[in-house]
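This document opens with one chain alone, in structure tokens, the form predicted on its own.
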């Protein structure tokens, strides 16, 4: 949020500025390492972000990410198959196992956002993004508008939306046993579309606090199943999962940011989500930041997430039309513990380090670390 900050403490100013990226020219280079327990998934992702102002009214932000993903995904498979453990071993079997199926993938993703500021300092954001893997392609466009409701910029209303088009390449299995790899070009192309709409109101309460309330709506249609997840019918037959081809959800998000002193400030948010797959979720996210001197900032946070299971989720099936054993649509709780460090080396050069630990009630846990250098020019 842009507003007059002359009377605010340093900590309060940082709380308010954190709500939106400050206008400045910079290059940010980061590296993220993510590792799940049981050697499931490991992700190494270097990224490059460039932010450039063109006068006072235009800002262009460009971000590029390269992902290297390896590991294993848990699913049901035929342990007697001559081809070995494969998610595509779909047939009747007397030796069905639920275990990790190894995979390897590389992803290239990029995004660009142009911010335009008008005479009254309202802001229009137009964005595009693209993501590419060997068997998945995604294209997205987005737009949002920030409108100030008063001359002091203490109240604002923002609204926006996005559209995403995805292509999924799946192996062409003609007889449930002979499968052609997706990378060979003989795969079947499936598509899905996703829409997102958001409306939010922000209010500066006093010199040290800001509150925000938002509503959102999401809709998806097309192929929403995973080509790598299987189910078991009648105890002895393996087949691909089948999720509904439409999904609509909506929810509410509340956030509050408060400067507790000149060197300590915090953020607290709550999000509620519900959809027509019978999933509803609650997310509580908290952060505390403490400044040590003029160049060092320490951060700590805790995130709690809870969701109910989809109406078509189970570990075994008989004649159901929609069926999935994907633990991502099961009921679970999860905690994320977060810590961060930001150090200003010089006026133009800063270093950041982040560490997170994720613990899910299904038994899955993960660690992810980020480190980066930011240069202002």
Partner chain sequence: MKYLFLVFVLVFLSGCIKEVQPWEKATLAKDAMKEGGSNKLVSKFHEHIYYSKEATKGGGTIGGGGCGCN
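Just so you know, these numbers come straight off a predicted model, no measurement behind them. Positions refer to the first chain, counted from 1.
Not pictured, yet referred to below: the form predicted together with the partner chain.
Among heavy atoms of residue 153, some come within 4.5 Å of the partner chain in the model of the complex.
Using a 4.5 angstroms limit between non-hydrogen atoms, residue 241 is distant from the partner chain in the model of the complex. Contact between residue 124 and the partner chain in the model of the complex is not found at the 4.5 Å heavy atom cutoff. The partner chain is not drawn, but in the model of the complex it has no heavy atom within 4.5 Å of residue 331. With the partner omitted from this view, the residue of 100, 221, 93, 196 that lies near the partner chain in the model of the complex is 196 [heavy atom within 4.5 Å]. For the options 210, 169, 146, 231, the residue carrying a heavy atom within 4.5 angstroms of the partner chain in the model of the complex is 210. Interface residues of 114-140, taken as those with a heavy atom within 4.5 Å of the partner chain in the model of the complex (partner not displayed): 129, 131, 133, 136, 138, 140, in sequence order.
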